[in-house]
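In the form predicted alone, a lone chain appears below as structure tokens.
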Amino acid sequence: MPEPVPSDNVIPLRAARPEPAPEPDVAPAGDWERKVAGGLAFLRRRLTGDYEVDDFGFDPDLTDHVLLPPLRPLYEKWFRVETRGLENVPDEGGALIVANHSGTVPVDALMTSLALLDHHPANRHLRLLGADLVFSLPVVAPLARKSGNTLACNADAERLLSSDELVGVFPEGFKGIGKPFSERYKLQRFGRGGFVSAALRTGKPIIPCSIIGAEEIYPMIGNAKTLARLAGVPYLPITPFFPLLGALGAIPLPSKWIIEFGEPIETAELGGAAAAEDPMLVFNLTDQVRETIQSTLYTLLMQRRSVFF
């Protein structure tokens, strides 16, 4: 008998093909080769002295390959930092980034530096202006210098801006990072406007920067003032987990971060050095920057779904 011919409505059966096994989540060999080659090239440069250090002690080679890489897991996985407004930061030339300061420990400055280095189209280094205390600590001071930080004084700020560097300043200082959790996201006083004077003298733009998420990493519910005075530090924080849990209490909470760079405030047409000597102009410009950051903080807080997501 002839074999039956399948009708048009019948789909012939086919042997099922086994699903391909999932590939192991392993970095390609080429990536490892590049990492090893990069590490060897770094060691060669350090041994032969084939790297540059500027007058402030900034060592970009060491910063890019040793100091900042350990912070990337914090930035990408722990805090899940979302960066906005990078188009407001120029690709070249000097500019002054002015940001709010919080978090009990100044992690926000490090995350802002990493945001600009890793995510800005020009991969720019942020030259931070730090307090005197930073440069008096035995281990922190040399690392701060090598990563591009310098004293928060007008002379250094103006010199960096005139050299077309991207300069970062946190005018609240210790008042910002050391404030209690009950005052979170309420900006403290911005000092005497020294950063505005530096921008006016050099004619460089001021870029307001607003950061949310840092307030929640170490909620400060108390301050051991007596112990702080004995230790010679501005404050000694007490959080819900520190010192109660010891070293475990020093692990920051995984809050969700947003860093937003606002529109530049141009200073080139305001009068230069003469404008920097006008106290009313300096005060008004300082207040404008502060109000811009405070308003943006409130807006970002309304947009954030929760502290941790």
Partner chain sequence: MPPRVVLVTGVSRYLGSRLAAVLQADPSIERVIGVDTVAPKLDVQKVLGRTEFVRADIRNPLIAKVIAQAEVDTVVHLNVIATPLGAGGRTAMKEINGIGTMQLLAACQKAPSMQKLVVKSTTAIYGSSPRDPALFTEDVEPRSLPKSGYAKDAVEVEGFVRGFGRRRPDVTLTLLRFTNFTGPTIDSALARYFSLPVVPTVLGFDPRIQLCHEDDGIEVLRRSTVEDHPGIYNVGGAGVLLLSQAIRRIGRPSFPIPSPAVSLVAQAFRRAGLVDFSPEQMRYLQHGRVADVSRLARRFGWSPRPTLEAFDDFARDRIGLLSPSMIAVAEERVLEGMARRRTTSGAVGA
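The term rigid core refers to the most C-alpha atoms you can superpose between the two forms while keeping them within 1.5 Å. Positions refer to the first chain, counted from 1. Please read all numbers here as calculations on a predicted model, not as lab measurements.
From this point on, the text means the form predicted together with the partner chain, which you will not see here.
Asker: Counting any heavy atom within 4.5 Å as contact, can you tell me which stretch out of 107 to 115, 209 to 217, 133 to 141, 234 to 242 lines the partner chain in the predicted complex?
Answerer: Every other range fails; the passing one is 133 to 141.
Asker: Spell out, yes or no, whether the shortest heavy atom distance between residue 269 and the partner chain in the predicted complex is within 4.5 Å.
Answerer: Although the partner chain is absent here, residue 269 would stay clear of it in the predicted complex, with no heavy atoms inside 4.5 Å.
Asker: Is residue 150 close enough to the partner chain in the predicted complex to count, meaning some heavy atom within 4.5 Å?
Answerer: Yes, residue 150 is a contact residue.
Asker: Heavy atoms within 4.5 Å of the partner chain in the predicted complex: does residue 33 have any?
Answerer: Although the partner chain is absent here, residue 33 would touch it in the predicted complex, with heavy atoms inside 4.5 Å.
Asker: Quick check on residue 47: any heavy atom within 4.5 Å of the partner chain in the predicted complex?
Answerer: Judged by the heavy-atom cut-off of 4.5 Å, residue 47 is in contact with the partner chain in the predicted complex.
Asker: Find the only residue in 120, 184, 146, 125 having a heavy atom within 4.5 Å of the partner chain in the predicted complex.
Answerer: By the 4.5 Å criterion, the partner-contacting residue is 146.
Asker: Just to be sure I understand the contacts: of 251, 274, 66, 40, which is the one whose heavy atoms reach within 4.5 angstroms of the partner chain in the predicted complex?
Answerer: Only one listed residue qualifies here, and that residue is 40.
Asker: Taking the partner chain in the predicted complex, would 191, 278 and 281 all count as contacting it (heavy atom within 4.5 Å)?
Answerer: None of them does, since no heavy atom lies within 4.5 Å of the partner.
Asker: Under the 4.5 Å heavy atom criterion, name the residues of 154 to 189 that approach the partner chain in the predicted complex, in sequence order.
Answerer: Counting only heavy atoms within 4.5 Å of the partner chain in the predicted complex, the contacting residues of 154 to 189 are 155, 156, 159.
Asker: Spell out whether the Cα of residue 66 moves at least 2 Å between this form and the one not shown when the two forms are superposed on their rigid core.
Answerer: Stays below the 2 Å threshold, so no.
Asker: Answer yes if the CA of residue 240 moves 2 Å or more between this form and the one not shown after aligning the rigid core, and no otherwise.
Answerer: No: residue 240 shifts by under 2 Å between this form and the one not shown.
Asker: Note yes or no: does the Cα of residue 37 move by 2 Å or more between this form and the one not shown after the core is superposed?
Answerer: Yes, because once the rigid core is superposed, the C-alpha of residue 37 moves 2 Å or more between this form and the one not shown.
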